[in-house]
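In structure tokens, the next block holds one chain alone, the form predicted alone.
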Amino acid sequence: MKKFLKKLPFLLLILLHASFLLAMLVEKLNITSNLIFIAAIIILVLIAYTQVPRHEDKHLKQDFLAVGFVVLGAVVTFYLNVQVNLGPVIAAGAVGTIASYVPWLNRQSKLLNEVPASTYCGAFVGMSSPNIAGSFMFILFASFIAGLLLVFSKNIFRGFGGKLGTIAFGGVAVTYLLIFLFL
């Protein structure tokens, strides 16, 4: 059971990538060249997953504080995007830039060093269109799920580009799916 729990975040990320690629595949099913291109991407992604290095760091209590930073980054970005009308890119850039300076407050603090990546993951959630994320409740829930995904995927894809965006996509997609299924 413990072995399965260690592999669960990895399987969730594979499921997120697969669902995104499957959605693209279904949407472009009638165009042969797109179908071949997307099928090639799926094969390359599956090959890449076999090469991903894994780390075995334990989860600490402070890792779960990252969930709070994800929520904070998402809410502030969504507020700047929708209420202040800065637009999603400027809002996320402003939040990410400010968060990048937080470790300067105390360079020895492991907690403060977690702030930029966690907040930036939340900023990606906060970039959601108001047509998809109609309220702050949606953003709160999506960012909470994204924060949990971030914590549980701590030992995989370290230093890989796109991890934070994939996790943010996962939080929004899971939230949207739950609303679609249960409300």
Partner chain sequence: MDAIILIITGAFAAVCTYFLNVKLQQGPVRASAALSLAVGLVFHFFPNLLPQPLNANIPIVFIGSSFVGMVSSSVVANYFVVAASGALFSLIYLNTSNFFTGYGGSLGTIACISLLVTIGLPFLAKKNKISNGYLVLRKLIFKKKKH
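Here the structure is a predicted model, which is why all the values come from computation and not from measurement. Positions refer to the first chain, counted from 1.
Beyond the structure shown, there is the form predicted in complex with its partner chain, which is absent from this document and is the topic of what follows.
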item: Contacting member of S135, T32, Q51, Q62, with respect to its partner chain in the predicted complex [4.5 Å, heavy atom]; value: Q51
item: Contact label in the predicted complex: L105 to its partner chain, heavy atom within 4.5 Å; value: no
item: In the predicted complex, L11 touching its partner chain (heavy atom, 4.5 Å); value: no
item: 4.5 angstroms heavy atom contact with its partner chain in the predicted complex for F69; value: no
item: Touches its partner chain in the predicted complex: I47 (any heavy atom, 4.5 Å); value: yes
item: Any residue of 24 to 46 that, in the predicted complex, places a heavy atom within 4.5 Å of its partner chain; value: M24, E27, K28, N34, F37, I41, L44, V45
